[in-house]
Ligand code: HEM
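Here you get one chain, nothing else, as C-alpha cells; it is the form predicted on its own.
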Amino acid sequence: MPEVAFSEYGKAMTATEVYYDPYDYSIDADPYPVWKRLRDEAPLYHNERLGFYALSRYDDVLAGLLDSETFVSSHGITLEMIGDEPIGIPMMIMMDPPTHTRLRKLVNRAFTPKAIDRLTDRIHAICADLLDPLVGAGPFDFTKQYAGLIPPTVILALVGFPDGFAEEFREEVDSTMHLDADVDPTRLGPPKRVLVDTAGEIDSVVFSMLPDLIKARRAQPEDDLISALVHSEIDDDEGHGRTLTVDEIVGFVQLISLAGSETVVRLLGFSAVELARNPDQLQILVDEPGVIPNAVEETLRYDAPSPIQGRWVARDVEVHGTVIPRGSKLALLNASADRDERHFPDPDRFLVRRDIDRHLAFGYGTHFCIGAALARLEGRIGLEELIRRFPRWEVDEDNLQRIHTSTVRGYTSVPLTPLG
C-alpha cells in the first residue's frame, strides 16, 4: 500500500505523485526538489485544482518567454489575476506588443547606460552611510537595516521622489505583496483596474504624493522619470500623438518603483545567505573582488527573486505531446529553468566563478527586465561595500523570515552576525 501525503489544501496524493502549488508555504520555502521532479517527470505540469499549467525546463521556459504572441501578458502576470479578458491596468508589464513596445521606449530613457553609470557614486555613498554605523555594533538585520533600504532610495530618486521615503516604501511593498497562508488564491481575482480614482486619489501612503509631483513637473521639469513621462508623447493606435494620462504615468512610476526595488532587495538577501552557507565562495570574493559581478549573476541564477512568470494562452498549443487549450493559465518557472541540469552543469551548487551563458532570472524577450542593468549595479556595489567592511559573517537560519507571494521569493529579515 503506497504512503499517502497531503498538501496544505488537503489534496491526498501518493508518495510517487508530483504536486506543485506556488501558494504553499512549505513548497515556497524550498521549491527546488519539487521543480526538479517537474522537470524530470512532468515537464508540462497541470494543476487541476488551481487551474494552471507549468513549464519548468530551461528550453521550454525560454521558448515561452520569447513567444509573446502565444503566451500573453495583457490578461495578467500572476496566476491569481489572470482571466479571460485583458486586465486593463495601465502598466506596460501587463501589455503586449505593439502597445507595450511604444511605452517601453519611453521608460528606456531612464535606464540608458549613461543614466545608470551616473548612479554609481551615489549607490556607493548610500551603502557606506548604511553600513558604517553598523561596524563594531554586533549583529544586525541585513534586510531591514541595509539591503532593504538601498534599492528604494536609488529607484525613488531616479523616478523623482523626494528623499526620506525608503523605509516607508519598503514596508508598504512587503505588506502589499504578502499573501497569508489561509488565503484561497482561487478567490483573489484581478486587482482594481484604475490606479487613480475619480477624485484624483491613490490608495497608497507613498504613491499618494504622485499627483502633486506630476503637477509640479509639468510646471518645472527636472532630471527624473516623472518629468520625462509628463512631457512625452506616444502614438495611439491610429498613429496620432498624445500625452500620457495621469493613470498611465502612475502606472509607469509604480511599476518601475516596485520592480526596481523588489528584485534587488531579494537578490542581496539571497547573496548574504548563500555566501554565509558557502564560506569558501565568500573567501573568493574577499580575495578577488573582481569576481563579485559574476557572483551577482550566480545568485540570480541560483535563487531568482521573481521565479514565476504568469501568462494567458492565446491559442491552442501542443507541448510535450499535450495540447494546452486557449484561455489557460500558464506558469513559466524561470527559477526552475535556471536549475535545469540540461543547461547548467551541477546546477544545485552555488559557484561564484560559474560560467553562465544566459540565465532567465530577469525573464527574456519582450518583457526582459528593463531595470536589469541597475539591479546588477546595485547588487555589485552592495556586495562590494559589505565585504569591504565584513569579510566574514554568519546568518541565524532559524530566524530567517520570508515574503510569501505567488511571484516573488526572498527574505524580509536576515539576521546577520559579522565574524572577526
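The numbering used is simple: start at 1 and walk along the sequence shown. On a predicted model such as this, the values are computed, not experimentally measured, just so you know.
Another form exists, predicted together with protoporphyrin IX containing FE; not displayed. Remarks below refer to it.
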| property | result |
| --- | --- |
| Check all three, 213, 221 and 228, heavy atom within 4.5 Å of protoporphyrin IX containing FE in the predicted complex | no |
| Which of 140 to 148, 340 to 348, 90 to 98, 275 to 283 sits within 4.5 Å of protoporphyrin IX containing FE in the predicted complex, heavy atom basis | 90 to 98 |
| Touches protoporphyrin IX containing FE in the predicted complex: residue 54 (any heavy atom, 4.5 Å) | no |
| Partner contact for residue 390 in the predicted complex: protoporphyrin IX containing FE, 4.5 angstroms, heavy atom | no |
| Residue contact check: residue 122 to protoporphyrin IX containing FE in the predicted complex, 4.5 Å heavy atom | no |
| Exercise: residue 32 in contact with protoporphyrin IX containing FE in the predicted complex, heavy atom 4.5 Å | no |
| Among the candidates 336, 271, 153, 263, the residue which, in the predicted complex, approaches protoporphyrin IX containing FE to within 4.5 Å (heavy atoms) | 263 |
| Proximity to protoporphyrin IX containing FE in the predicted complex, single hit among 313, 81, 255, 126 (heavy atom within 4.5 Å) | 255 |
| Contacts with protoporphyrin IX containing FE in the predicted complex - residues in 370 to 394 whose heavy atoms fall within 4.5 Å | 370, 371, 374, 375 |
